[in-house]
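Only one chain comes next, encoded as structure tokens, the form predicted on its own.
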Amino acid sequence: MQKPDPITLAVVLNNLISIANGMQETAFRCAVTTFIYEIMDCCFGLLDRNAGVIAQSHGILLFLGSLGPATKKSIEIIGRENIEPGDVIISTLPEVTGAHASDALVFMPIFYKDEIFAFASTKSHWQDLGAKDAFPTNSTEAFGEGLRIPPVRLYKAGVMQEEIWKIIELNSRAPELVWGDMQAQVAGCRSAENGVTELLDRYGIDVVDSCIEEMYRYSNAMIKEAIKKIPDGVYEAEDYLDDNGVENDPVKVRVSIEVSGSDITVDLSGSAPEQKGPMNGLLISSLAAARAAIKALTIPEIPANEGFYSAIKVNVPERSVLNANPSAPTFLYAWVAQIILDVVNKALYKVLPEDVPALSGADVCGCGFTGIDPRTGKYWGTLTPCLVGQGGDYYSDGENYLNPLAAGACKNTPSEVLESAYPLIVEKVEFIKDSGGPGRHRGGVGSRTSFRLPYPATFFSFIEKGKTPHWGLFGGKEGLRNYALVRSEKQGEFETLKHPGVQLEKGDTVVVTAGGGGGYGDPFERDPEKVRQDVINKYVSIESAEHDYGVKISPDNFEIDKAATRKLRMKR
């Protein structure tokens, strides 16, 4: 295969990336729920004929890394020889998709001159697929977590298979919402088909294939060169999930990373065994998280593709919390995958001190509401992340009010959208003073969101890192934890982390605290002027400035008492 010239290579590859982004933009304009067009709880990718990743859109990081393996596994089950032009294949089976049943895989082949050239593939969270609860945080088996659809054709040779849709429709509390978002995914895939066909008409199969091959080769070479810069050795770390959703004991996740020249192996042996509750990971999502973690620490600036993934070896033991069996509950798989990203950072921070940040708030701090809207008589439901602070790093303070790494481009739902789309009132969204971990570079501050119900509804939550610390690095301190506080006239006031659903009445409130990131470096080494600005900005209290940073600030004019500050810092 002839190597493409640099200009053709750049034009073709950027066109392929544009096609993947165009899939997402098309879906945004067709979607009917905030899961896609606001939260971006979705992803879109263009895959090669072997289901390797050519290009992908912005979106949930764990979705993106699992699109290729999930699509490949589906093709193996259906049989490549059985796939025809116009087919659209769907699946919600966790061991196939690498996600819980509410995260649906939708993909289609892209034929050119009677041969499969590529696949357009997408994942998105669907409103409801008949799980025992809207968000079953205490399930003990897979069969209560939603409709398990093996890879099947929703469209066959361009013809809608009504029997398949009827099964989905009759197993959903909100079928019209599922239909709308499913069709948005299909529309995204069809936009990719149009884009790829135009590209092949212009350049031909041989040229485009050679550009993709060159991209894979270059990406593989680049990540191997980056891995060489990590000192050879074995690096280990462990961290803990709060609990498994059913039992209260913490759940260990352990990693051992071996680096030898340009080779790197992420071994997740030594992690906790498969759990009784839904805090179990899936093989595909665990692989995606481990690979994403290494890429983020080596060459984060280059778009991801199959060339990167093939360079990173990952071992995930069977029947562990990271690779559960098909009948195990896995609805909270994403929270298990998130900690893989965190624990990889924790293992490598000493040898990559300029690249690894302290721990972020480490969770999407997810909560949601469902009910019957008395104004319409229809079922409604929504969830929204509450945004955390990021960990401080070698160069700067952590960012305020963002989602953690695993969520990628995932966003919260704006208050205006929540109030206009649902019978829900957002009373307040605010930064939390002293929530960022003290450090030479402070952890980003978290947020507090207050919801009030104008009508009765059910509240559910799926919050992690409410018990285990948001750790700092190199002497930095931990950030504030995550939790939700329910204030109910009938049930009183109580704190919760994971809850499958509590019935609330008109006027009841829920306050979600999304914690801060860990600090980086000794807080007493922080520039006193930066501490002063933090106090003025209400990120840090005067008391914390003195106690945690050794900086004495006047409450009257916010001036630094330099003599008192010197004395405080000398006592250390």
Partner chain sequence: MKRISVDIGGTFTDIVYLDDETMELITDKVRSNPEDIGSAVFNAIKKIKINITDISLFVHGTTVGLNTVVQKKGARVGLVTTEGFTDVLEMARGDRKELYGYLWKKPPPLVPRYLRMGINERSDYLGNIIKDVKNEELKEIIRKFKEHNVEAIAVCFLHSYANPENELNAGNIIKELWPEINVSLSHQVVREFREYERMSTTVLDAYIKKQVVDYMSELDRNLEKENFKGQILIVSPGGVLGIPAIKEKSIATFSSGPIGGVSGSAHISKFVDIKNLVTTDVGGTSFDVSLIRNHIPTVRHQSELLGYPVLMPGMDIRPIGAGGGSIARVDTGGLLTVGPDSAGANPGPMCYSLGGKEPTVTDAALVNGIIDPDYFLGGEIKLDIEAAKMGIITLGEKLGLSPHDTADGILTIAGNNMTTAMKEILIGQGYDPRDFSIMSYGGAGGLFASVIAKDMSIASVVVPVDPGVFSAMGMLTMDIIHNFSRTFNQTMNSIYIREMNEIFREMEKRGREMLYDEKINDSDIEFERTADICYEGQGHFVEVPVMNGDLTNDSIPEIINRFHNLHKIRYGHQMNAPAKTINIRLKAIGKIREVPMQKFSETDEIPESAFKGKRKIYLKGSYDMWEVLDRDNLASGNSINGPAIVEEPHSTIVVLSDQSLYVDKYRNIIIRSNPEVK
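None of these values were measured; they are calculated from a predicted model. Numbering follows the first chain given and starts at 1.
Below, we refer to the form predicted together with the partner chain, which is not included among the displayed structures.
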Quiz item: Pick from 249 to 257, 386 to 394, 276 to 284, 156 to 164: which stretch has non-hydrogen atoms within 4.5 Å of the partner chain in the model of the complex?
Solution: 386 to 394
Quiz item: What is the one choice in 85, 326, 300, 475 with a heavy atom within 4.5 Å of the partner chain in the model of the complex?
Solution: 300
Exercise. Only one of 264, 426, 497, 226 comes within 4.5 Å of the partner chain in the model of the complex by heavy atoms, so just point that one out.
Key: 426
Practice problem: Answer with yes or no whether residue 513 is in contact with the partner chain in the model of the complex, where contact means some heavy atom within 4.5 Å. | Solution: no
Practice problem: Verify the contact flag for residue 355: yes if a non-hydrogen atom of it lies within 4.5 Å of a non-hydrogen atom of the partner chain in the model of the complex, no if not. | Solution: yes
Quiz prompt | Any non-hydrogen atom of residue 447 within 4.5 angstroms of the partner chain in the model of the complex | solution = yes
Quiz item: Looking at the partner-bound form in the model of the complex, is residue 564 within 4.5 Å of the partner chain by any heavy atom?
Solution: no
Self-check item: Contact test, all of 372, 462 and 509, partner the partner chain in the model of the complex, heavy atom 4.5 Å
Solution: no
Quiz item: Taking the partner chain in the model of the complex, which residues along 10 to 32 bring a heavy atom to within 4.5 Å of it?
Solution: 10, 11, 13, 14, 15, 18, 21, 25, 28, 29, 30, 31, 32
